[in-house]
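Okay, here we've got a single chain as C-alpha cells, the form predicted on its own, with questions on binding and movement later.
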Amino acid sequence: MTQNYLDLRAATEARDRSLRSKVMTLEKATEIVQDGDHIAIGGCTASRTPLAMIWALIRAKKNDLSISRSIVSTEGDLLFGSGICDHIITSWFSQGIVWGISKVMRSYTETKRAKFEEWSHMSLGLRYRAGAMGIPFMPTRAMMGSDVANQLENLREIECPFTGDKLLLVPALNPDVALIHVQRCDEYGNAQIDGLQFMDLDLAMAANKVILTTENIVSNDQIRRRPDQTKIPFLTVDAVVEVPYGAAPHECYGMYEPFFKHMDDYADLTKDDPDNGVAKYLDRYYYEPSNWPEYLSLLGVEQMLDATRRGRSIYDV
C-alpha cells in the first residue's frame, strides 16, 4: 500500500515512547487491531507463530484483514477459513514441507473467495526492511525476469544512475499492526528472541503498532543481564501479553517443538474436504474453548509434555 513517508515519519515521531507497563490480556490486545488493517505476522512457517493472538482475533470476529508473513503455515488456513481475512501476502503458503501446499489456500484462491499474493522470500524481506528504514522502496535484482514478478502490479524497473544496470524497485511494507511471539520480554516490551529472528526485527520497526505475545514476562533487571539478547526495544511496542505455549501447536525455539501428531491430524482433517475440515477445526479449537488454557487442554497434556521435552533437549547437549 502507498504511504506518504513524511506523514509516516511525523506519526512515528509523535509516538509515546515512555517507559510504561504495556501488559494486557489477549482480549484487550485485540482492540488494537481494527477492521481493514494490514497485519504482519512474525516468525516463519511453524516457528514462533503468534497463534494465541490469531486465536483471539478470530474469536473477536475481526473483518477484512490483510495479512503478510515471510512464509505462511496453518494460521493462513484458519484466517481464510474463519472469514476474517481474504488477502494474504507471502512467499510460500503451506502447513510445512512434509504436508505439502495448503489445500485450504487452494480451495479459497481457486474459487476467488480469497487472494494469495506471492512475492519472493527475498523481496518480501526487502519490503519490510524498507518500511523499517522509513524509505518508500528498495532496489533489488530478486524476481527480475521471473513469472513471480510478472504476476505483480506494484513493481517498477529502473536504470541504476551509477552503473546503468537494470534494477527492480519493490515498495516498502508498513503494516498497521505486527504480531510477534517471543520467548521473554519485560512489562515495557523489551523483547528477547532465542534462535532464528526471521524478519521480526524489521517487522517491529516497520509496523505502526506492535503486539508482543510472550512465553514469560520477566523483570527489567533480568532483561538487562543479557542486553545482547534484546532484539526488539520497548519503544516500538504497544502491547505485551503473557501467553504460555502461545505458539502451540507450532514451535517456540528452546521451549517446545511442534505438536507433530496434532499437525498430522489437522492435515488429515483438511486433506479431502478442505472447507469442512477447517470449519470443524475452528469449531473444536477456536470457538468452543472459553479461554486459552482450555484451548491448550484440548491439544492434550501428553502432546504438550512431548513437545516440551523435545524443545528443551537443546539445552541438554
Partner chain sequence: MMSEELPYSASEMLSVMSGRLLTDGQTVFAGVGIPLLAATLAQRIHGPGITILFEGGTLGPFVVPGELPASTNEQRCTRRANMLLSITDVLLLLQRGYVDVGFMGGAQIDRYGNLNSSFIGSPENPSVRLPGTGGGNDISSLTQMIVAIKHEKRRFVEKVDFVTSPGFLTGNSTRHDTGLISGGMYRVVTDLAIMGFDEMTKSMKVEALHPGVTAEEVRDNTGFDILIGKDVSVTKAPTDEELSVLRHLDPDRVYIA
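Positions refer to the first chain, counted from 1. All figures in this text were calculated on a predicted structure; none of them were measured in a lab.
Separately, the form predicted together with the partner chain exists; it is not shown, and the next lines address it.
Between the partner chain and the residues A239, V243, M205, V177, the one pair within 4.5 Å by heavy atoms in the predicted bound form involves M205. Residue contact check for C44: one or more of its heavy atoms lie within 4.5 Å of the partner chain in the predicted bound form. The shortest heavy atom separation between R113 and the partner chain in the predicted bound form exceeds 4.5 Å. G195 belongs to the set of residues with a heavy atom inside 4.5 Å of the partner chain in the predicted bound form.
Contact between G81 and the partner chain in the predicted bound form is not found at the 4.5 Å heavy atom cutoff. Residues of 119-133 that come within 4.5 Å of the partner chain in the predicted bound form, judged by any heavy atom, are W119, S120, H121, M122, S123, G125, L126, R129, G131, A132, M133 in sequence order.
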